[in-house]
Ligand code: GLA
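Shown below, as structure tokens, is a lone chain in the form predicted on its own; questions about how it binds or moves come after it.
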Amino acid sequence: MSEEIKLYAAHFAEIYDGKTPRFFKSPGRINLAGEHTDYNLGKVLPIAINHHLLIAISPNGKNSSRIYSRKFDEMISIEHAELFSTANHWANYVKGIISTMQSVIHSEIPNFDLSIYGALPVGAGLSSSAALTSGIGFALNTVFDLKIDLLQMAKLCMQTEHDFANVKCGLLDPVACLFAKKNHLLVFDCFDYSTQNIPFNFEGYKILLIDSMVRHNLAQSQHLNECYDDCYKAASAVNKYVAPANSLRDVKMEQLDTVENMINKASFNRAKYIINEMNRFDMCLHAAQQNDLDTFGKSMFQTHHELDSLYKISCPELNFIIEQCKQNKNIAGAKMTGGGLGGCVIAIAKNDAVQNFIDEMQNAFYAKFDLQCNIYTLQSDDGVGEVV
């Protein structure tokens, strides 16, 4: 047993009547291609990363469940028959995944004690909410043998975001958390729900995570919901006036051009980005498999440029990081990852230049924003699973 697990097991026993829990690890994720195409039924290319939450759980035989968050140092008690969201509270995700799971099994899940440990930064674009819902859902499914399959679990996690956090997200995040494999790219088709794990290795390079230190808030979440709505307004216009289209996956650029004057500018520009990003996907996947970092890196830079200029979800801090990456010959490519309006940039850097790049980036960022940006070296990791 690792020292981390020993420490958390001792804490769990201290707050929960001496009980010994089962532990489950739930990773964050980054997406290498197909940014924001998931809720437009495109394809995505995520990996799970070696930064994770730990979920400790034990049945309690009581009339309610007790949930503790180490990050917020708060314990709540909930009754499974009365689950409703509370404005801007971390426990919404816990309540939500319990509620959606109960709707599938058509009965109440037995009560339990649960603690959330680990450190995935909230609002950084690493999908901390999906790590939380996926980890808790997987743990409950395993401990109580609820027989919910992984794809259905991912859908329940997405439903939790929609119903309990009011965020119109897609399936990318929970699928990445649940299906990813170490040293593999996960190819997920959000239309037919097919998944494929493909071995990969950026030979001679490392993936870096550069944290802008800008975090999401409620207003930004509403902005992202507007992006979702704008995409479907464009698809609906094409469907009404040009050709059948259930989502932007079905739309070609010339069809979007036909309805440009029938939709607002934001909707047109966001739809244009999504169509371009879907067209880039196959090229990116092939480049990653061939270790063609030149092609892959140029595509990353182009994606970020359009996320800023067309999709309108970047910010000055992210754009500054990208410009520093472009000017550095040892960076093959970089782009923001996650919902946007803050969060992190992922960059692909030559192995022997990593430390110099980190020093230069941190100095430049501090000089510009009077703020220290955190930079991490990432490794791919397995998806959610029990820690034995």
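For every residue, the number given is its place in the sequence shown, counted from 1. What you are looking at is a predicted structure, and each value in this text was computed from that prediction instead of being measured.
The following text describes the form predicted together with the ligand, which does not appear among the structures shown.
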| property | result |
| --- | --- |
| Any non-hydrogen atom of G118 within 4.5 angstroms of the ligand in the model of the complex | no |
| Any non-hydrogen atom of Q324 within 4.5 angstroms of the ligand in the model of the complex | no |
| Contact of N31 with the ligand in the model of the complex (heavy atom, 4.5 Å) | yes |
| Distance check, C157 to the ligand in the model of the complex, heavy atom within 4.5 Å | no |
| Partner-proximal stretch of 52-60, 349-357, 315-323, 331-339 relative to the ligand in the model of the complex, 4.5 angstroms, heavy atom | 331-339 |
| Interface residue in the model of the complex among A287, I98, C169, V259, criterion: non-hydrogen atom within 4.5 angstroms of the ligand | C169 |
